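For reference, the chain that follows is the form predicted on its own, supplied as structure tokens.
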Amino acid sequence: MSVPLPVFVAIPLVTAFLLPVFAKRGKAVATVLANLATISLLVLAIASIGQSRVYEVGRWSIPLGINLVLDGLSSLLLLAISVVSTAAMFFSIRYMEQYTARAKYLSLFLLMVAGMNGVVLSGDIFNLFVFLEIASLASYALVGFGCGHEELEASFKYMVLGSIGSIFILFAVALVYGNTGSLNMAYISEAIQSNGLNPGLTFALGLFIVGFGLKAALVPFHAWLPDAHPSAPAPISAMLSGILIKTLGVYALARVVFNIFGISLATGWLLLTFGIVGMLVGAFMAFGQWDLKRLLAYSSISQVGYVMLGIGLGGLIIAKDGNLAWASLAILGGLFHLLNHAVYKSLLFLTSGSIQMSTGTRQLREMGGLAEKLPVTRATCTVASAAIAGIPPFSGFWSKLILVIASVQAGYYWVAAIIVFVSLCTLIMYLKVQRYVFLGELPENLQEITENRGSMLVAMVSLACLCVLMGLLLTPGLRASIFAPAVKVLVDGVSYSANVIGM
């Protein structure tokens, strides 16, 4: 089935504007409509796997018109966005009863989804920026949705730093247009291949790296994330950590570096360094956290480091050695870890929301002994913790194993050692979560708590099942249809221009 590309933006965008009208007929109507929208996007994302094509908006041919591009990398991100947004929206049915203005929440949620889908499908850098801003503005409002002091302060900090990142990206877009005369990614890449990089384009690349680095919360551009993720409602924390920082940051950065400017030795080392520093800093900072969601936020910084390490190592191997086999393996590890982290970190934030809703606290020292009171939450949290720590046979083990094998085969033994070391650190921090949340003695004030039922449990159990089963994605058939086309997009590099123009 050939899926029309505009529907990935149109469905959430139109639904977001219709929700206030339907909300007048009752909260249930708006909730059902929003859930139908995310489920529809999930079905369409699954149907689009393995497809590649260009959609010309208004039938204006490129480079004059706007185009949407679906390739292996786009379809992988669409799948990740739809899986997490469907689970988070379903979790919201019960969780958001403690908030008012549900229609506004649902509209903002769908605007964020529309923006992310637009980013991964956009074929020109200006519209990528426009969709990035739609997603960013919605996320700023959602972080502060509780309207408490903590939420508003975190939202303001996130908005300020996010806006700085957006300014860097917009300046870079202007520089690229001034130096190439085009905004279409394929034609920009073709112009750079023909004329080479001049100082203006080199400076634009630096601005892109800083701007998208802020969106991805790469160290040292991560200052907004430890405040924003804990303050947001749990489903939004899942969206921010699970897919937003990867879509607006990691995906956009990889697309610009590999497919537009072309990977170089210096850029490969830079991405690899970002990855390693993020892994170490995020893990060490998480150790000292006693706020559950803040611990998960620092863990996200560390886990995004794995993704950048895989992509950076693959780019470095391409630029230095030209060994496409090991480069492909490293990039496969990075992209598989992106998908894995989208699932298990979303699940961890949803379980933290279930725990906070039952206990009224996020502080680890104020919990304990919850295994008996919250058995399903405990089980799903344990599965997600095992997956993120890389314990076999859970999903995180396979992506980390691929990264270790790629590092060793390419001769970067020290990179493999860092991956194993950070995995041990991750295991320790999540043993801490298990110890202080679910084990020990139940405090007196928590004797009467009960498990949250209904849609919240369904969302958590569904993601937990994915954590167990996602290793099957490495079977030859699924790997060839889901990961191989995404890896090929980055390995082919600036051949992206010929592929798009020739579609």
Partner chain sequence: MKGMTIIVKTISSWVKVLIFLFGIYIILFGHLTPGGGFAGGVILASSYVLLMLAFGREFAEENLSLPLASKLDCAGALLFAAVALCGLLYGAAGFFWNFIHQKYLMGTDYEFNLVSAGTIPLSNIAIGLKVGASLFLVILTLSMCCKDFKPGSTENEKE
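Residue numbers count along the first chain shown, from 1. Owing to the predicted nature of the structure, the values given are computational and were not obtained by experimental measurement.
What comes next is about the form predicted in complex with its partner chain, which is not displayed.
Taking the partner from elsewhere, Arg453 is found to have every heavy atom lying beyond 4.5 Å of its partner chain in the predicted complex.
At a distance threshold of 4.5 angstroms between non-hydrogen atoms, Gly58 is in contact with its partner chain in the predicted complex. Contact annotation: Thr100 falls within 4.5 Å of its partner chain in the predicted complex, judged by heavy atom distances.
Looking at Val7, you'd find a heavy atom of it within 4.5 angstroms of its partner chain in the predicted complex. With the partner omitted here, the stretch from 440-448, 473-481, 50-58, 454-462 that lies within 4.5 Å of its partner chain by heavy atoms in the predicted complex is 50-58.
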